[in-house]
Ligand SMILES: Cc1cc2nc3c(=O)[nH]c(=O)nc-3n(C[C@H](O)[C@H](O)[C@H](O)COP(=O)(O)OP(=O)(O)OC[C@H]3O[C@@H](n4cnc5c(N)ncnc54)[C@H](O)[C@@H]3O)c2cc1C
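Only one chain is included here, represented as structure tokens and corresponding to the form predicted on its own.
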Amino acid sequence: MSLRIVVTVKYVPDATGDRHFAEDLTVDRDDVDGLLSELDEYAVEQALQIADEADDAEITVLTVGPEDAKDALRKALSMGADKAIHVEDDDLHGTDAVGTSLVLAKAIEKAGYDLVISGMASTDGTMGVLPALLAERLGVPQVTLLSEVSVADGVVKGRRDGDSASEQLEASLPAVVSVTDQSGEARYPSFKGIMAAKKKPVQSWDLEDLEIEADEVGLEGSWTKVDSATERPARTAGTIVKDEGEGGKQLAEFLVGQKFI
């Protein structure tokens, strides 16, 4: 039986762009370019490596987002994933991590899975809680923050590296895992892969397809909201300390004045 791998990916604003909030204090995604979250590329890469070692495997990439989120799916498909699912609905605007986990869990159950792979966090929200929320909703084990991962005989195994030690972890499938940016460099899509991605299937689902009520998601259904936001002040010119014998003293006084020491 084919190993069914689902990789959750996110379409995020380019971190090098001028990011800001919209009037409703959600991230304004219209005025900045978006792309596949870099940390999710590692999840796609690990899925591809697992599939290469399996006798038979199929990789589905799944995202929740606006129309442009298809660009993130196409990037993952060009890397080598087999098919994609895009959940899009106007009522999803402003959904927080808890609501997103509900949508993803429903979509994963509808698609069918043996293994779910996620990045360690998204590069915009950086919360890192979705893998745990997904595992709870799906009722399966979670093995998170892995630097190394493999699957054999119905068991997923991995290594989690900490500051002072490394842990060897394993769980029976089905399971949810997340991988870190130390799990291995993500491959670049080849020209052949980019052309092949254009022919790979991309399914589109909405809340009705997943049997989710609008009030369970969106801003109104969110457990967390941004109450206020202030733009970061413009960067000011630095202070130059000329060392004419008193440089150390001047530097110490500056640090004290800034309450660094």
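The numbering used is simple: start at 1 and walk along the sequence shown. Since the structure is predicted, the reported quantities are computational estimates derived from the model, not experimental observations.
Only in words, not in the display: the form predicted in complex with the named molecule, which the text now covers.
With the partner omitted here, the stretch from 122-130, 138-146, 180-188, 154-162 that lies within 4.5 Å of the named molecule by heavy atoms in the model of the complex is 122-130. Taking the partner from the other structure, the named molecule in the model of the complex has a heavy atom within 4.5 Å of a heavy atom of residue 94.
Looking at residue 66, you'd find a heavy atom of it within 4.5 angstroms of the named molecule in the model of the complex.
Taking the partner from the other structure, the named molecule in the model of the complex has a heavy atom within 4.5 Å of a heavy atom of residue 62.
Contact check for residue 26: a heavy atom falls within 4.5 Å of the named molecule in the model of the complex.
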